[in-house]
Structures are given as C-alpha cells and as structure tokens.
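This document starts with one chain, in the form predicted alone, laid out as structure tokens.
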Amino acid sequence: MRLDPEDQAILQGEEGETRQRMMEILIALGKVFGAEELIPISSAQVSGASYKTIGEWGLRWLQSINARVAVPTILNPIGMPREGWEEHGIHREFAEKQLAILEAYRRMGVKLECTCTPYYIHSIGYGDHIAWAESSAVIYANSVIGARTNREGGPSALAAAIIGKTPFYGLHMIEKRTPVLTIEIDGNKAIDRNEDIFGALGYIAGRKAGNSVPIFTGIKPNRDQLKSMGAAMAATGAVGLFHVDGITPESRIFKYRVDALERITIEAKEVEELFRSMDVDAVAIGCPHCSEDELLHIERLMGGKSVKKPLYIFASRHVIDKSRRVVERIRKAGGFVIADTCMVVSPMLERYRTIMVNSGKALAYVPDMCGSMARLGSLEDCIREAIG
C-alpha cells in the first residue's frame, strides 16, 4: 500500500502509540481488501457504543485510546437514555458502565449525538468519502445521498476517525457501485398505496440480494421509505448500496440496461406473510431513529388519545429538539419519546415478551437482541395497537 510521508510517520510511531495502532488497523484492513492507498474522509460515524453490545472488554479498549478524532465524528446509539434511565428499568451498574463509555468517546472528541441517523445532523454531500459503521446509516448515505462509504466495523471506523483517512476499496470506487441485480415488485400498485410496506420489502430484498448492489424498478419511495427499506436490507443481508430507478441519485448516471441484469421478483404474498397477527405487550418505533416528519405523523395518528400499551418512540436529540411541541403532545398522551438509544441496543425492552414494530430492521434484530418475539405492522397499525 502506498503511504505518503505523513502516514509513514504515524506508522513509525512518531505521533504516539495510539495513532500508530490506528494506522496499523487501517493498513491491515486495506491489505485484506486489496486497497492501494488511503484516502481522506470528511466524517466518521462510530458504532460499538452500547455497553450491552461491547461489554467490559470493549469499554477497557476504548479507555486505552489516547488520541482525538481528526474529522467530525458522530456516535451510534448507546444502551440507555442519558437522562431518566432509572424509570426504564436500567440497572445502576449498567448505567455507570455506559456513562464510562460515553466519557471515553468524549475524551476523543467524538460528538455524543448517539444516533443511527447522523445524516439528520451532519451534512454530507454527493461523492463525499466518509467512514461510517452503522449499517442503516451506511446504506442511506451511499444510496440516498450518493456519498461513499464501506460498511465499517467499530474499530475501523474509529481508526479512520482518528487518522482522518480510510482504505480506498469497495464502495469508495465508482466501478463497485454499478447495479448488478434488478429487483422488481409484484403488485406494485398495492405497494404504492401502502406507505409502510417498504420495510417489509427491504427485509425480503436483503435476503435475496446478499451483498450485491441491486436496483429496484417500479416503485417511488420517499426519503423515509428509502431509509426504512435500506435499513432492513442491511439487516437481513449485507447490502451497502442500492438504487431505485429514476429516484436515487446514481440510478441516473450508470449506463446499464435494467432488463439485461439478473432479475429477482418479490411476490406480494411474500410481503403479506410478514404481517402476521400476534398479541403484543409493547410497541416500539424508530429503528432507524425517527425523522421530524415521522414524529409529526405519529402525533397525528394518535389524535390526542392516550396510550393503553407501552409506546416507545426513538429519535435523536437533534430531531426531538426540533420537534419539541409534537414530542410534548406525544408524551402528554403517555408515549415515551426517547433519545440516545433504541429498542435493539438497550436492555429496556427485554422485559416484554412480544413487541410490535414498523421496521424491517427491528423485525430482524429484536428476537436475537431483545429475546422477544416481534410483530411487523404499518405505522398506523402500531399506533392503533398502542392506543387501543
């Protein structure tokens, strides 16, 4: 791998042991994937933030790092809200460990926004090279914005944040972003009428696409629907980039014939089967974190009625602050609107046997991460279940 004089100096330990270790991580990663050089990045997003997922050894590793990030860096959701964690059944020992993780990242200069939707906070543009770790954020940045990032692991994203560079391979390269698979939807008229079906489409598409770059035809999702579909694909498969014909930015620049690619069809019956009926103990929305539009939609669907089943809604502090009046009305009706964490990486929802979600990503992760059965529904279904 070609290294410039600055990189060589870091590798030789001239800027400290920590930066040397971080450079070693990037070089090792680059060699595995055949990268010939490192390229500068404009931002990073770091996972490995919840004590539930990284545990004691992860905490100790973070505390051993003695360096600051070189580019704007945002943290993934942690295992609890920073305020009011006691009322959600979080044990004090867990809370103390979680706060220690936050302190370790704070010392590095990482922005403690604690969200899986960093694109609502940090502006990135088409063609920007970044190093993001959260799978749903990666696929959104690549597909909806047209930025360029691989699906980083927690350590490699942090290494890139500290060095300010990442290996040049994979989805950073334009030739790796070309669609190789067409996904068409059977019965797309019904899909157009159901705005909440895109998470289910992504759930199925991820299983069928694996780690390829697909292009969808015959659908016209908005940004929240693209977010939902992409997050589910990244959860059930290893998709880091998708295109929607005529919708996503790069679908217009590649010279390809959709009918010449390998073709996969998602049948309407496959989608319907995911919406099975099941009694639920709680409802959870916001995986990925809700947008301002989604919070407003939730509040309107509630119609001023009080909740009868626990209703958890997750969003970033940034979005909650910008939606203060809407959030106050939801909370007044008995709903929890929670920052910093989510249903997947927090132990707070482990007390429930069954959870209703409107997210294909949550449908994939809740059973293993929370030990609960998950039921998929539309956003309207979820609110109807919560208010009775």
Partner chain sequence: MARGIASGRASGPLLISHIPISFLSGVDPLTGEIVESGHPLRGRIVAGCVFAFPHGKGSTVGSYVMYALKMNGRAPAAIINTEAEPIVAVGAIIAGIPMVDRPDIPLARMREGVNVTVDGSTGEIEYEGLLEEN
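Numbering follows the first chain given and starts at 1. Quick caveat: nothing in here was measured; it's all calculated off a predicted structure.
Below, we turn to the form predicted in complex with its partner chain, even though it does not appear here.
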Answer range among 66-74, 47-55, 328-336, 355-363 for contact with its partner chain, defined in the predicted complex as heavy atoms within 4.5 Å | 47-55
With the cut-off set at 4.5 Å between non-hydrogen atoms, does L38 touch its partner chain in the predicted complex?
-> no
Would R21 sit within 4.5 Å of its partner chain in the predicted complex, counting heavy atoms only?
-> yes
Would you check, heavy atoms only and a 4.5 Å threshold, whether P155 touches its partner chain in the predicted complex?
-> yes
With heavy atoms only and a cut-off of 4.5 Å, decide whether L29 touches its partner chain in the predicted complex.
-> yes
